[in-house]
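First, one chain by itself in structure tokens, the form predicted alone.
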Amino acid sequence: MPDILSPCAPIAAEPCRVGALSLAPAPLEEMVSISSFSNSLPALREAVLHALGASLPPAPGTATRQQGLSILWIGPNQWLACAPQGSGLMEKLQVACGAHAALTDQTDGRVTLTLCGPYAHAIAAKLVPIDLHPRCFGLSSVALTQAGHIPVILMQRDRQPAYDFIVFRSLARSLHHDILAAMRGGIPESEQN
């Protein structure tokens, strides 16, 4: 049996605040990537629905969120499932859909940083090359993009808006620094209307 790694936080747990904006690491979650085997997609959808009570998002740029569980579309026939620590996410998925998909535990390899507060969209827009206007990127929208030079999975968590930046653990400190620098740079005047 493989050793279980207990990851330590790459950045301090205390939120950084600039005005009404806040940047903080989200609580550690169990994360599992799901990649469907060829010709197994219908069976995989059924198995995940039965095991987790949630469906795999069918379209690019969306997430299913309910009761602490998130399933993000991260590519054709690929998803990232996230659940609170201790939920046994990997075990549930292995039992239910191990025959239909490749499952990889990402818990020790990813960190989520949450940016929230008034004008969070203006700060995020300084870093990501996508349109964050609500008609293009709304609640539960997901994008595989870059924040500056760092690859991230970006999800709008709520309507405030609050954004989750899911990043490789080794790049979390760098991304934290970049977001904090953008926050300290202030809100562009064009966004303050």
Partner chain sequence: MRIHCPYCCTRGVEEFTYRGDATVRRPDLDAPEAAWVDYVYLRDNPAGPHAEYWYHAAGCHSWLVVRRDTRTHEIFSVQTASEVSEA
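Residue numbers count along the first chain shown, from 1. All of these numbers come straight from a predicted model, not from anything done at the bench.
Just so you know, the form predicted in complex with the partner chain exists too; it's not on screen, but the next bit is about it.
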- request: Note which of Thr145, Ser33, Thr64, Ser141 lies within 4.5 Å of the partner chain in the model of the complex, where distance is taken over heavy atoms; exactly one does.
  value: Thr145
- line: Contact with the partner chain in the model of the complex, heavy atom within 4.5 Å, among Ile130, Leu28, Ala43, Ala54 goes to Ile130
message: Using a 4.5 angstroms cut-off on non-hydrogen atoms, would Gly75 count as touching the partner chain in the model of the complex?
response: yes
- prompt: in the model of the complex, does Pro60 have a heavy atom within 4.5 Å of the partner chain?
  reply: yes
statement: For the partner chain in the model of the complex, the stretch among 64 to 72, 122 to 130, 46 to 54, 155 to 163 with residues bearing a heavy atom within 4.5 Å is 122 to 130
